[in-house]
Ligand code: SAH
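Take a look at this single chain, the form predicted alone, given in structure tokens.
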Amino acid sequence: MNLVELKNITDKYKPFYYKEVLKAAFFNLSESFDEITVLPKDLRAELESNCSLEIKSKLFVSNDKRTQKALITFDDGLSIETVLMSHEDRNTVCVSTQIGCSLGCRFCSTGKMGLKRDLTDFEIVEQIIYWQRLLKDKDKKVDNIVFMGMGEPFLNYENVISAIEIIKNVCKIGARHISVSTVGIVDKIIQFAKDEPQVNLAISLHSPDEKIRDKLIPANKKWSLTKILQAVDSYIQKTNRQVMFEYLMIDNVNDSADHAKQLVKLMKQNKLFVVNLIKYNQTGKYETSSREKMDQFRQILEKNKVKVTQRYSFGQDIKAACGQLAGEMTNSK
């Protein structure tokens, strides 16, 4: 799907055709411009030649069928990953915002790639359209969107905000069903409260200790945990929204009882802080915390009245951790 020239082409005819095409492609899920009969034939032909609605992809399905991962390749030959996680009552799509990432988080496969480029707003939305088409055949739909795939969303801020507006206004997925995760780009957290106050915010925390977080997330040296928490407090003052703190459980790194007690102190600073414990989907030198350690960690949080959810990883058999497949393709070239 190449929609970069879409507006320029439609504007040569009538400007309102642009909205008609977006509606057809992103809401009605048309896979060919020939299906959009409200457009003149010559416009349809020009769009078909220059802005194909085809999505070049490879699909991987987990053994339990709950997780599907797509490797989407763009016209420049670069690829990203997007994941569909299916629950009994909902379908959640995880989207990427960059090809690679500049932040180099030690536990992340995407960070090993370095940053290739940002995705455009259309390329972000294209990932959702891919899954909407697939689910449509099963009489289902995408219910939730999480910006937790490859890249740091707030380092591609303008395109992410534009994509969110398309998702809300064209794809008709409500703001409360969209979540954006950041390692903590402080100025953008504050800006996000103004631009998208109804969209959910998540912080990739992974340690309550500045020194450990420095090792896991090198960007912590620029955007420290102290500064991030100040920005989150400002965000909550403006929005009165709950903020999720994501916490990957990594064996013998951040999963001890002492770490849990440190986390309690941080989380009790604000009643709208929530912890999401996540089983680490192993990608390198780090190991996954045991089920017992995760349970013990959670119990300490709950005992101290910290709001906590616990998520076990999806799709390990299809390498559903962000960047594993795309990284392999990049390294093989």
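What you are looking at is a predicted structure, and each value in this text was computed from that prediction instead of being measured. One rule holds for the numbers: they count along the sequence shown, beginning at 1.
Beyond the structure shown, there is the form predicted in complex with the named molecule, which is absent from this document and is the topic of what follows.
A.B. asks: To verify the annotation, which of these, I167, L248, V142, I129, has a non-hydrogen atom within 4.5 Å of the named molecule in the model of the complex?
C.D. replies: Selected option: L248.
A.B. asks: Can you work out which of W223, Y235, F147, F122 has a heavy atom no more than 4.5 Å from the named molecule in the model of the complex?
C.D. replies: So the residue touching the named molecule in the model of the complex, by this definition, is F147.
A.B. asks: My question is simply whether S79 lines the interface with the named molecule in the model of the complex - judged by any non-hydrogen atom within 4.5 Å.
C.D. replies: No, no contact at 4.5 Å.
A.B. asks: Even though the named molecule is not shown here, does L29 get within 4.5 Å of it in the model of the complex, heavy atoms only?
C.D. replies: No, no contact at 4.5 Å.
A.B. asks: Is K188 part of the interface with the named molecule in the model of the complex - any heavy atom within 4.5 Å?
C.D. replies: No, K188 is distant from the partner.
A.B. asks: Although the partner isn't part of this model, could you tell me whether Y280 comes within 4.5 Å of the named molecule in the model of the complex, counting any heavy atom of the residue?
C.D. replies: Judged by the heavy-atom cut-off of 4.5 Å, Y280 is in contact with the named molecule in the model of the complex.
A.B. asks: Of the listed stretches (63-71, 45-53, 300-308, 271-279), which one has a non-hydrogen atom within 4.5 Å of the named molecule in the model of the complex?
C.D. replies: It is 271-279 that comes within 4.5 Å of the partner.
A.B. asks: Judged by heavy atom distances of 4.5 Å or less, which residues of 168-196 approach the named molecule in the model of the complex?
C.D. replies: The stretch touches the partner through S181, T182, V183.
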